[in-house]
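Just the one chain here, the form predicted alone, laid out as structure tokens.
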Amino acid sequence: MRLITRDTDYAIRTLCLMADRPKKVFSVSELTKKLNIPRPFLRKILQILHKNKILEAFKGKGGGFLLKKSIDKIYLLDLMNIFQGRFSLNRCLFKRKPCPRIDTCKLRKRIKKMERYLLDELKKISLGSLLN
């Protein structure tokens, strides 16, 4: 299990680079060169960030992407939820159905406790705090 997937990592790297010049409109080509991320992956990431109101998009000549949201208000957990879905350490599935012991499983209770702790910690990490 990975805590952070490739898409989330690319999003973090892209937003941190853009945060250095928050008023600048970045082209996909420029970001691709600076971040060394394959263009198709980067375009998909940028479109998802735009759809989620983190970036603003500009079409045409001189177009590109601009940070719409303050880097201090973009949290790691939000990006994880956008690109990876709801965070969960334990899915409690047995042959694609909920496990029949889900209510009595002692291991599940301990894992849920760890999950709550990890979620609380992830909620505190803004991208701005990673840059400072």
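Start at 1 and count along the sequence shown; that's the residue number. The model shown is predicted, which means the values in this text are computed figures rather than measured ones.
What comes next is about the form predicted together with the DNA, which is not displayed.
Proximity to the DNA in the predicted complex, defined as a heavy atom within 4.5 Å, singles out one entry of L35, C105, L89, V28, which is V28. Contact between Q47 and the DNA in the predicted complex is found at the 4.5 Å heavy atom cutoff.
Proximity of R43 to the DNA in the predicted complex: non-hydrogen atoms within 4.5 Å are present.
For the chain shown alone, T5 is a contact residue for the DNA in the predicted complex, at least one non-hydrogen atom being within 4.5 angstroms.
Contact annotation: K61 falls within 4.5 Å of the DNA in the predicted complex, judged by heavy atom distances.
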